[in-house]
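Taking the form predicted alone, here's one chain by itself in structure tokens.
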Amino acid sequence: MRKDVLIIGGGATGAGIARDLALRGVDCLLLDMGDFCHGASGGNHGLLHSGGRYVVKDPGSAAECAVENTVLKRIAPFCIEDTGGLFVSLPEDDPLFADRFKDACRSTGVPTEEIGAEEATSSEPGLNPLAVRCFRVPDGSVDPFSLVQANICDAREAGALALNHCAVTGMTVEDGRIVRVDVQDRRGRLSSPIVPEVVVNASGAWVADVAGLAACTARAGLDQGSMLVTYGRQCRHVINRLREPSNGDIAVPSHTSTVLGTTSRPARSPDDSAVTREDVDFLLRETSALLPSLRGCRIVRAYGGVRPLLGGNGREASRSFSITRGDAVDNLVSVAGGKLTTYRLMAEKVSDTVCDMLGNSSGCRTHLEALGPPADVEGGSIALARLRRKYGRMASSISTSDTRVICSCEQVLRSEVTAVLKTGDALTLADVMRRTRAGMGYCQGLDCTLSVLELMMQGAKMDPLLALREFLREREHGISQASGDQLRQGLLREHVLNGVYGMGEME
């Protein structure tokens, strides 16, 4: 199969590159070894950065976030909740940092407004009443899964081919160029190797591994971050600790929960995302200093992601990004670093580089053309409005006449799962979960998993027990550190699946 461009990696950046190039008329193929958005793009806290977090230590990244925050709110409002953000200092924080923050916001273009502590606690009732100084910023909450899917859908409509569960296994280099890329397709759709003019390596934490297939190098430090999902929304705004970026200083309201984050430690590999008991205890202790209600809050899930950072690991590494050409071949472009908030900018710059290589003079359009419908469209039912906010343009393909609920925790309709299965991308239960949120709720899949599996079996040949086991293993990673009510919920699920369905016999 010949393609102008092969893009490896279906996270936000790879999906954004596919959309950008396809809109410029480039014949491109996007591959991901797992599902779209299964890596760092789906393993973050869903914070749409205003840039405030980086204004003091990483002003370049702050300025990028400030611009892209506005762009994304304009082109993808359906998957963004414009909650606003608060930066809050407590008595034990450095009293001089607030003025440094205020000045840095002004110089980097991050909109900010200082408000009194009384006004802050009035708009955010759960905030620590001992708050000293408070600043408003235009932070928001973004659904990374919906954002990536919207880019995939738009890229396909513009002519791109995007395939998940396709792992690149090898590259053949001749005369300083990649002339062949071998792929293992889990579905068997690709029957021949890929012959690309240009290869784009947007594989995130795997960027060095993919570059190595062509005997090239791509440097990025691997950094693991842990996050917690709480029961219910514990805050109205994104809450940030007003201090230099540190561990446990962000709370993000998201759907039916609140995401607390993050930690930072060097990761040994792209798969080194495990969350420890120490991570859980630390995050709860630090974030509850801002929101005291978190001290007794039920933790539904813990999860981690591995970030590819520039210039090393940890909080000292820049959150900006780099684009490099292959050192051993001339048709490989690798991109590393960045943030979910700046994915579109990264995609634009990579696409500019690729188009220069191809002699394509078309300009970028992704900052102008909407990814989905406006957040609030007049007319229609409440059910349709909810689906528009969740799925964007895909909402029109979901029946609102079938009101049967398949996941009570997240109020997912059977028709949502049916529509997702018709697209052909969902190979596993986790794939359905990423698209619909079925299984992301408080029971972590006990109530809906078997019903979703039944629908999947109607249209595909699959081993149901193998599929169920794979999904349960993935969910168990997130509740390995459970305690209290969530531990009891996990034990109930284990007893039901083992005692009623005999899953214990599958070991």
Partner chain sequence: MNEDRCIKCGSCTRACPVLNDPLGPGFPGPRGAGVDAPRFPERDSIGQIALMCTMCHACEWACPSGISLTLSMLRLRSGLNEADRLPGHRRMMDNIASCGRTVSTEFKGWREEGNRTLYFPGCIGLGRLTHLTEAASSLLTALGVSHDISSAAVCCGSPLLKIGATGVAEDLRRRNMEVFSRYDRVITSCPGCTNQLREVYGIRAEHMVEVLKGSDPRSKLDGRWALQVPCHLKRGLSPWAADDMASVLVAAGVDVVRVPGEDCCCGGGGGMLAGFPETSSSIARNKVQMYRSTGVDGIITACPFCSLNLGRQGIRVLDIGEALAPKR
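Just so it is clear, the structure is predicted and the values come from calculations on it, not from any experiment. Numbering follows the first chain given and starts at 1.
Just so you know, the form predicted in complex with the partner chain exists too; it's not on screen, but the next bit is about it.
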Triplet 173, 197 and 328 all within 4.5 Å of the partner chain in the model of the complex via a heavy atom: no
Please identify, from 330-338, 231-239, 260-268, 104-112, the stretch that has a heavy atom within 4.5 Å of the partner chain in the model of the complex. 231-239
Name the residue from 348, 124, 249, 410 that puts a heavy atom within 4.5 Å of the partner chain in the model of the complex. 410
Single option in 180, 298, 177, 156 placed near the partner chain in the model of the complex, where near means a heavy atom within 4.5 Å: 298
Residue 447: heavy atom within 4.5 Å of the partner chain in the model of the complex? yes
Is residue 495 close enough to the partner chain in the model of the complex to count, meaning some heavy atom within 4.5 Å? no
Residue-level contact is defined here as any heavy atom of the residue lying within 4.5 Å of the partner chain in the model of the complex; does residue 366 satisfy this criterion? no
If we define contact as a non-hydrogen atom of the residue within 4.5 angstroms of the partner, is residue 386 a contact of the partner chain in the model of the complex? yes
